[in-house]
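One chain is shown next in C-alpha coordinates, namely the form predicted alone.
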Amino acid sequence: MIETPGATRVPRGLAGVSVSDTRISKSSADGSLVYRGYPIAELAAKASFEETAYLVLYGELPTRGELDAFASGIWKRSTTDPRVFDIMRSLGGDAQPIDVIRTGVSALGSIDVERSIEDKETSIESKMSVLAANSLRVPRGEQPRLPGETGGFADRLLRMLTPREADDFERWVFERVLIFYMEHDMNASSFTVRVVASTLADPYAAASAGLASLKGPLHGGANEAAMEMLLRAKDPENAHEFVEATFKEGRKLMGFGHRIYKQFDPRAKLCKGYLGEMAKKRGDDRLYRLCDAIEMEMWERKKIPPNLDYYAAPIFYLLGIEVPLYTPIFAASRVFGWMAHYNEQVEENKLIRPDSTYVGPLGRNYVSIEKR
(Lines give C-alpha, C1' and ligand atoms only; values in the text may rest on other atoms or scores of the structure.)
Protein backbone atom coordinates (compact mmCIF):
# COMPACT_ATOMS: atom_id res chain seq x y z
CA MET A 1 0.00 0.00 0.00
CA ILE A 2 1.30 3.46 -0.91
CA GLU A 3 -0.21 6.56 0.67
CA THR A 4 0.74 10.16 -0.02
CA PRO A 5 2.25 11.70 3.12
CA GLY A 6 -0.28 14.00 4.76
CA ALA A 7 -3.21 12.70 2.73
CA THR A 8 -6.53 12.29 4.55
CA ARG A 9 -8.43 9.05 4.18
CA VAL A 10 -12.17 9.58 3.68
CA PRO A 11 -15.15 7.18 3.47
CA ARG A 12 -15.94 5.51 0.17
CA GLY A 13 -18.34 7.53 -1.91
CA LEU A 14 -17.24 10.64 0.05
CA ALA A 15 -20.11 9.95 2.47
CA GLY A 16 -20.21 12.62 5.16
CA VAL A 17 -17.32 14.55 3.60
CA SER A 18 -17.78 18.24 2.81
CA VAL A 19 -15.83 18.97 -0.37
CA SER A 20 -16.80 22.61 -0.86
CA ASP A 21 -18.60 25.61 0.56
CA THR A 22 -21.80 26.48 -1.31
CA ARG A 23 -24.45 29.19 -1.17
CA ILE A 24 -26.84 27.42 -3.56
CA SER A 25 -28.77 24.79 -1.60
CA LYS A 26 -28.60 22.35 1.28
CA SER A 27 -30.41 19.13 2.14
CA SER A 28 -30.31 17.85 5.74
CA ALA A 29 -30.99 14.56 7.50
CA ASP A 30 -33.92 16.10 9.38
CA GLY A 31 -35.84 16.25 6.09
CA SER A 32 -35.21 19.89 5.26
CA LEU A 33 -34.13 21.36 1.93
CA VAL A 34 -33.39 25.01 1.19
CA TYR A 35 -32.62 26.82 -2.05
CA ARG A 36 -30.60 29.97 -1.29
CA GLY A 37 -32.11 29.98 2.21
CA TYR A 38 -35.74 29.46 1.17
CA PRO A 39 -37.44 26.25 2.41
CA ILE A 40 -38.53 24.04 -0.48
CA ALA A 41 -42.13 23.96 0.76
CA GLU A 42 -42.24 27.77 0.68
CA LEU A 43 -41.05 27.85 -2.94
CA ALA A 44 -43.39 25.02 -3.94
CA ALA A 45 -46.38 26.86 -2.52
CA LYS A 46 -45.62 30.32 -3.90
CA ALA A 47 -42.94 30.46 -6.63
CA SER A 48 -42.96 29.77 -10.34
CA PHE A 49 -40.34 27.65 -12.04
CA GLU A 50 -38.71 30.73 -13.57
CA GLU A 51 -38.60 32.55 -10.22
CA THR A 52 -36.95 29.54 -8.62
CA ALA A 53 -34.47 29.12 -11.47
CA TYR A 54 -33.49 32.79 -11.20
CA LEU A 55 -33.06 32.40 -7.45
CA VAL A 56 -30.87 29.30 -7.83
CA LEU A 57 -28.72 30.97 -10.48
CA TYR A 58 -28.36 34.47 -9.05
CA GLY A 59 -29.02 34.15 -5.32
CA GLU A 60 -32.08 36.39 -5.00
CA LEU A 61 -35.70 36.28 -6.10
CA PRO A 62 -36.20 38.47 -9.19
CA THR A 63 -38.09 41.72 -9.50
CA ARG A 64 -40.92 41.77 -12.05
CA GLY A 65 -38.62 43.29 -14.67
CA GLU A 66 -35.84 40.78 -13.99
CA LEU A 67 -38.28 37.88 -14.12
CA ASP A 68 -39.82 39.00 -17.42
CA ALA A 69 -36.39 39.45 -19.00
CA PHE A 70 -35.19 36.09 -17.70
CA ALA A 71 -38.27 34.18 -18.86
CA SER A 72 -38.20 35.90 -22.24
CA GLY A 73 -34.52 35.10 -22.66
CA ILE A 74 -35.08 31.41 -21.97
CA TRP A 75 -37.86 31.23 -24.56
CA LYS A 76 -35.92 33.15 -27.23
CA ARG A 77 -32.79 31.02 -26.80
CA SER A 78 -34.77 27.77 -27.07
CA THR A 79 -34.61 27.86 -30.90
CA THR A 80 -32.38 24.91 -31.76
CA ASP A 81 -30.21 24.58 -34.85
CA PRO A 82 -31.70 21.89 -37.18
CA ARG A 83 -28.23 20.30 -37.39
CA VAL A 84 -28.59 19.24 -33.75
CA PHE A 85 -31.81 17.40 -34.59
CA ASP A 86 -30.06 15.79 -37.57
CA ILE A 87 -27.37 14.44 -35.25
CA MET A 88 -30.00 13.16 -32.79
CA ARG A 89 -31.92 11.53 -35.66
CA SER A 90 -28.80 9.74 -36.87
CA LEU A 91 -28.59 7.82 -33.57
CA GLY A 92 -31.68 5.77 -34.45
CA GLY A 93 -34.77 4.70 -32.55
CA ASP A 94 -32.91 2.30 -30.24
CA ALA A 95 -30.78 5.07 -28.71
CA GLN A 96 -31.39 5.78 -25.03
CA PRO A 97 -32.89 9.26 -24.55
CA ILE A 98 -30.23 10.40 -22.09
CA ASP A 99 -27.54 9.48 -24.65
CA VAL A 100 -29.46 11.42 -27.28
CA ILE A 101 -29.59 14.54 -25.09
CA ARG A 102 -25.93 14.25 -24.14
CA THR A 103 -24.96 13.98 -27.80
CA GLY A 104 -27.13 16.99 -28.58
CA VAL A 105 -25.52 19.12 -25.88
CA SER A 106 -22.06 18.08 -27.05
CA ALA A 107 -23.06 19.15 -30.57
CA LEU A 108 -24.20 22.52 -29.25
CA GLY A 109 -20.66 23.06 -27.99
CA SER A 110 -19.50 23.18 -31.61
CA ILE A 111 -22.60 24.61 -33.30
CA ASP A 112 -23.66 27.41 -30.93
CA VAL A 113 -22.25 30.83 -31.77
CA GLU A 114 -22.61 32.19 -28.23
CA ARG A 115 -19.54 34.06 -27.06
CA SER A 116 -19.84 34.84 -23.36
CA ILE A 117 -20.04 32.20 -20.65
CA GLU A 118 -23.41 33.58 -19.52
CA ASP A 119 -24.81 33.34 -23.06
CA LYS A 120 -23.54 29.78 -23.40
CA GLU A 121 -25.21 28.86 -20.12
CA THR A 122 -28.52 30.45 -21.11
CA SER A 123 -28.40 28.60 -24.41
CA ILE A 124 -27.95 25.24 -22.64
CA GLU A 125 -30.64 26.03 -20.05
CA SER A 126 -33.10 26.99 -22.79
CA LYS A 127 -32.38 24.18 -25.24
CA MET A 128 -32.10 21.32 -22.73
CA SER A 129 -35.89 21.17 -22.44
CA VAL A 130 -36.25 20.98 -26.24
CA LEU A 131 -33.65 18.21 -26.48
CA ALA A 132 -35.28 16.36 -23.57
CA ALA A 133 -38.78 16.51 -25.02
CA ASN A 134 -37.54 15.28 -28.40
CA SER A 135 -35.10 12.63 -27.21
CA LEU A 136 -37.55 9.86 -28.16
CA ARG A 137 -39.35 11.45 -31.12
CA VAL A 138 -36.46 12.62 -33.26
CA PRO A 139 -34.37 9.39 -33.15
CA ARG A 140 -37.54 7.54 -34.18
CA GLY A 141 -37.68 9.69 -37.31
CA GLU A 142 -40.55 11.91 -36.16
CA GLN A 143 -40.60 15.69 -36.51
CA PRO A 144 -39.49 17.59 -33.41
CA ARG A 145 -42.03 19.26 -31.17
CA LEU A 146 -41.04 22.86 -30.51
CA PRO A 147 -41.96 25.11 -27.58
CA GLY A 148 -45.02 27.25 -28.16
CA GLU A 149 -45.21 30.97 -27.59
CA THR A 150 -47.66 30.83 -24.69
CA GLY A 151 -47.25 29.73 -21.10
CA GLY A 152 -44.20 29.45 -18.91
CA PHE A 153 -41.25 27.08 -19.02
CA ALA A 154 -43.14 24.19 -17.39
CA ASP A 155 -46.21 24.59 -19.62
CA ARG A 156 -44.14 24.62 -22.80
CA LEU A 157 -42.15 21.58 -21.72
CA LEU A 158 -45.28 19.61 -20.80
CA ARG A 159 -46.88 20.36 -24.17
CA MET A 160 -43.76 19.13 -25.94
CA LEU A 161 -43.67 15.95 -23.85
CA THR A 162 -47.23 14.77 -24.45
CA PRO A 163 -50.14 15.63 -26.75
CA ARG A 164 -52.53 15.18 -23.82
CA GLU A 165 -54.02 18.48 -22.65
CA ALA A 166 -53.42 18.93 -18.92
CA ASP A 167 -55.76 20.92 -16.68
CA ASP A 168 -54.66 23.85 -14.53
CA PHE A 169 -53.99 21.75 -11.45
CA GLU A 170 -51.98 19.17 -13.38
CA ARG A 171 -49.85 21.90 -14.95
CA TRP A 172 -49.27 23.38 -11.49
CA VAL A 173 -48.21 19.98 -10.12
CA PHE A 174 -45.83 19.40 -13.03
CA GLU A 175 -44.21 22.77 -12.35
CA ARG A 176 -43.77 21.85 -8.66
CA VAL A 177 -42.02 18.60 -9.61
CA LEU A 178 -39.68 20.52 -11.92
CA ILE A 179 -38.85 22.86 -9.04
CA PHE A 180 -38.00 19.85 -6.87
CA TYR A 181 -35.70 18.39 -9.53
CA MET A 182 -33.90 21.69 -10.13
CA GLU A 183 -31.27 21.50 -7.43
CA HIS A 184 -30.06 19.27 -4.60
CA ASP A 185 -26.65 20.44 -3.33
CA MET A 186 -23.66 18.13 -3.93
CA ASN A 187 -25.40 15.26 -5.71
CA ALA A 188 -23.55 13.02 -8.17
CA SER A 189 -24.31 15.01 -11.31
CA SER A 190 -23.68 18.44 -9.74
CA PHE A 191 -20.37 17.24 -8.32
CA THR A 192 -19.47 15.91 -11.76
CA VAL A 193 -20.29 19.30 -13.27
CA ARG A 194 -18.06 21.00 -10.69
CA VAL A 195 -15.17 18.64 -11.41
CA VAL A 196 -15.34 19.49 -15.11
CA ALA A 197 -15.81 23.21 -14.35
CA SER A 198 -12.67 23.11 -12.21
CA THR A 199 -10.66 22.30 -15.35
CA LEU A 200 -12.12 25.52 -16.87
CA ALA A 201 -13.84 23.54 -19.61
CA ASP A 202 -16.85 25.35 -21.11
CA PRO A 203 -20.45 24.89 -19.87
CA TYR A 204 -21.29 22.52 -22.74
CA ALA A 205 -18.61 20.09 -21.60
CA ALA A 206 -19.73 20.37 -17.98
CA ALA A 207 -23.41 19.81 -18.86
CA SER A 208 -22.49 16.83 -21.04
CA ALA A 209 -20.66 15.29 -18.10
CA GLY A 210 -23.62 15.96 -15.81
CA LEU A 211 -25.89 14.19 -18.30
CA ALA A 212 -23.56 11.19 -18.38
CA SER A 213 -23.86 10.82 -14.61
CA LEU A 214 -27.69 10.90 -14.87
CA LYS A 215 -27.74 7.68 -16.88
CA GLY A 216 -27.20 5.41 -13.89
CA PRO A 217 -30.20 4.01 -12.00
CA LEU A 218 -28.78 5.24 -8.68
CA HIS A 219 -29.21 8.87 -9.75
CA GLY A 220 -31.21 10.12 -12.73
CA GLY A 221 -32.57 6.80 -13.94
CA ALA A 222 -34.29 6.02 -10.65
CA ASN A 223 -37.62 7.63 -11.60
CA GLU A 224 -37.98 5.41 -14.67
CA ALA A 225 -37.04 2.31 -12.66
CA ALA A 226 -39.55 3.25 -9.96
CA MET A 227 -42.39 3.54 -12.47
CA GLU A 228 -41.50 0.25 -14.13
CA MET A 229 -41.58 -1.36 -10.68
CA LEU A 230 -45.02 0.10 -9.93
CA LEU A 231 -46.35 -1.15 -13.26
CA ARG A 232 -45.13 -4.65 -12.40
CA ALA A 233 -46.78 -4.50 -8.98
CA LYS A 234 -50.10 -3.50 -10.63
CA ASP A 235 -52.57 -3.65 -7.74
CA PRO A 236 -52.44 -2.23 -4.18
CA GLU A 237 -53.85 -5.50 -2.87
CA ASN A 238 -50.70 -7.23 -4.14
CA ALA A 239 -48.27 -4.88 -2.35
CA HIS A 240 -47.31 -7.28 0.44
CA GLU A 241 -46.70 -10.21 -1.92
CA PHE A 242 -44.86 -8.01 -4.41
CA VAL A 243 -42.47 -6.64 -1.80
CA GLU A 244 -41.95 -10.12 -0.35
CA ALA A 245 -41.13 -11.59 -3.77
CA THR A 246 -38.82 -8.67 -4.63
CA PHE A 247 -36.70 -9.21 -1.54
CA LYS A 248 -36.66 -13.00 -1.95
CA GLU A 249 -35.29 -12.56 -5.46
CA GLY A 250 -32.53 -10.31 -4.12
CA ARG A 251 -33.79 -7.23 -5.96
CA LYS A 252 -34.22 -3.68 -4.70
CA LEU A 253 -37.37 -1.64 -4.47
CA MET A 254 -36.62 1.36 -6.66
CA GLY A 255 -37.42 4.86 -5.45
CA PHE A 256 -36.47 4.25 -1.83
CA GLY A 257 -33.57 5.48 0.26
CA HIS A 258 -31.38 8.54 0.08
CA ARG A 259 -27.83 9.36 1.15
CA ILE A 260 -29.08 12.35 3.14
CA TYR A 261 -32.73 11.80 4.10
CA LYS A 262 -33.26 9.03 6.65
CA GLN A 263 -36.77 9.86 7.94
CA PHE A 264 -38.42 11.46 4.93
CA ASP A 265 -37.64 13.30 1.71
CA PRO A 266 -39.53 16.62 1.83
CA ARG A 267 -39.99 16.60 -1.94
CA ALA A 268 -41.50 13.10 -1.89
CA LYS A 269 -43.83 14.10 0.94
CA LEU A 270 -45.18 17.01 -1.10
CA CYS A 271 -45.44 14.96 -4.29
CA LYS A 272 -47.40 12.27 -2.46
CA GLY A 273 -49.98 14.89 -1.58
CA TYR A 274 -50.14 16.11 -5.18
CA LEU A 275 -50.56 12.55 -6.45
CA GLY A 276 -53.41 12.00 -4.01
CA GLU A 277 -55.18 15.12 -5.26
CA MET A 278 -54.70 14.10 -8.89
CA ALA A 279 -56.12 10.66 -8.14
CA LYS A 280 -59.12 12.16 -6.34
CA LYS A 281 -59.90 14.49 -9.25
CA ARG A 282 -59.75 11.55 -11.66
CA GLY A 283 -61.92 9.33 -9.51
CA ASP A 284 -59.36 6.52 -9.62
CA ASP A 285 -56.94 6.20 -6.71
CA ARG A 286 -55.50 2.74 -7.42
CA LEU A 287 -52.06 4.03 -8.37
CA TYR A 288 -51.96 6.26 -5.30
CA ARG A 289 -53.02 3.38 -3.04
CA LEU A 290 -50.40 1.13 -4.63
CA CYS A 291 -47.66 3.68 -3.95
CA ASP A 292 -48.85 4.15 -0.38
CA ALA A 293 -49.09 0.39 0.27
CA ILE A 294 -45.56 -0.31 -0.97
CA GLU A 295 -44.26 2.67 0.99
CA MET A 296 -45.82 1.29 4.18
CA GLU A 297 -44.39 -2.18 3.53
CA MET A 298 -40.92 -0.74 2.97
CA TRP A 299 -41.06 1.35 6.15
CA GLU A 300 -42.26 -1.56 8.29
CA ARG A 301 -39.55 -3.86 6.94
CA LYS A 302 -36.55 -1.58 6.47
CA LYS A 303 -37.42 1.83 7.91
CA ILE A 304 -36.40 3.34 4.56
CA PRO A 305 -38.51 6.25 3.22
CA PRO A 306 -39.38 6.94 -0.42
CA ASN A 307 -37.44 9.59 -2.31
CA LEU A 308 -38.56 12.17 -4.88
CA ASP A 309 -38.34 9.71 -7.78
CA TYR A 310 -40.86 7.34 -6.21
CA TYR A 311 -43.68 9.88 -6.24
CA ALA A 312 -42.60 11.98 -9.23
CA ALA A 313 -42.79 8.93 -11.50
CA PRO A 314 -46.53 8.20 -11.01
CA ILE A 315 -47.28 11.92 -11.43
CA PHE A 316 -45.55 11.85 -14.82
CA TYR A 317 -47.43 8.65 -15.65
CA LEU A 318 -50.83 10.19 -14.92
CA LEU A 319 -49.87 13.16 -17.08
CA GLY A 320 -49.47 10.77 -20.01
CA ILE A 321 -45.70 11.09 -20.36
CA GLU A 322 -43.81 8.08 -21.74
CA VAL A 323 -41.61 6.42 -19.12
CA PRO A 324 -38.29 6.77 -21.05
CA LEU A 325 -38.75 10.56 -20.88
CA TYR A 326 -38.68 10.74 -17.06
CA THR A 327 -34.90 11.09 -16.76
CA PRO A 328 -34.80 13.68 -19.58
CA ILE A 329 -37.32 15.73 -17.56
CA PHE A 330 -34.88 15.56 -14.62
CA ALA A 331 -32.16 16.94 -16.92
CA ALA A 332 -34.36 19.74 -18.30
CA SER A 333 -34.80 21.07 -14.78
CA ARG A 334 -31.49 20.17 -13.12
CA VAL A 335 -29.49 22.02 -15.79
CA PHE A 336 -30.30 25.29 -13.98
CA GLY A 337 -28.75 23.89 -10.81
CA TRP A 338 -25.77 22.61 -12.78
CA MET A 339 -25.07 26.06 -14.21
CA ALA A 340 -25.29 27.57 -10.71
CA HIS A 341 -22.69 25.04 -9.53
CA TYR A 342 -20.55 25.70 -12.61
CA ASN A 343 -20.48 29.42 -11.81
CA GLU A 344 -19.82 28.92 -8.10
CA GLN A 345 -16.94 26.58 -8.86
CA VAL A 346 -15.31 28.89 -11.40
CA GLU A 347 -15.73 31.93 -9.13
CA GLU A 348 -13.26 30.61 -6.56
CA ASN A 349 -11.72 27.87 -8.60
CA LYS A 350 -9.21 25.26 -7.57
CA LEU A 351 -8.71 22.22 -9.78
CA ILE A 352 -10.48 19.25 -8.19
CA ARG A 353 -7.80 16.58 -8.09
CA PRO A 354 -8.10 14.25 -5.08
CA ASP A 355 -5.43 11.78 -4.06
CA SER A 356 -5.75 8.01 -3.79
CA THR A 357 -4.14 5.18 -1.85
CA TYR A 358 -2.40 2.62 -4.03
CA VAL A 359 -3.21 -0.94 -2.88
CA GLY A 360 -1.94 -2.85 -5.91
CA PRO A 361 1.16 -5.06 -6.18
CA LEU A 362 4.74 -3.73 -5.91
CA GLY A 363 8.21 -4.86 -6.96
CA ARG A 364 7.18 -6.62 -10.17
CA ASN A 365 9.68 -7.21 -12.97
CA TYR A 366 8.89 -7.18 -16.67
CA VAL A 367 8.97 -10.56 -18.42
CA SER A 368 9.18 -10.67 -22.22
CA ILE A 369 6.10 -11.94 -24.04
CA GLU A 370 7.94 -15.04 -25.24
CA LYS A 371 8.39 -16.20 -21.65
CA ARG A 372 4.87 -15.54 -20.40
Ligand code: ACO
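As the structure is a computational prediction, the values presented were derived from the model and not from experiment. Residue indices: 1-based, along the sequence shown.
The form predicted together with the ligand is left out here; the points below concern that form.
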- Would you confirm whether the three residues 218, 307 and 330 all fall within 4.5 Å of the ligand in the predicted bound form, going by non-hydrogen atoms? yes
- Task: Sort through 275-283, 117-125, 295-303, 81-89 and report the only stretch with a non-hydrogen atom within 4.5 Å of the ligand in the predicted bound form.
- Result: 295-303
- Query: Does at least one non-hydrogen atom of residue 240 fall within 4.5 angstroms of the ligand in the predicted bound form?
  - Reply: no
- Message: in the predicted bound form, is there a heavy atom of the ligand that lies within 4.5 Å of any heavy atom of residue 262, even though the partner is absent here?
- Response: yes
- Would residue 258 count as touching the ligand in the predicted bound form under a 4.5 Å heavy atom rule? yes
- Using 4.5 Å between non-hydrogen atoms, is residue 252 touching the ligand in the predicted bound form? yes
- Query: So which of 172, 247, 191, 75 gets a non-hydrogen atom within 4.5 Å of the ligand in the predicted bound form?
  - Reply: 247
- Item | Residue among 98, 108, 197, 222 with a heavy atom within 4.5 Å of the ligand in the predicted bound form | 222
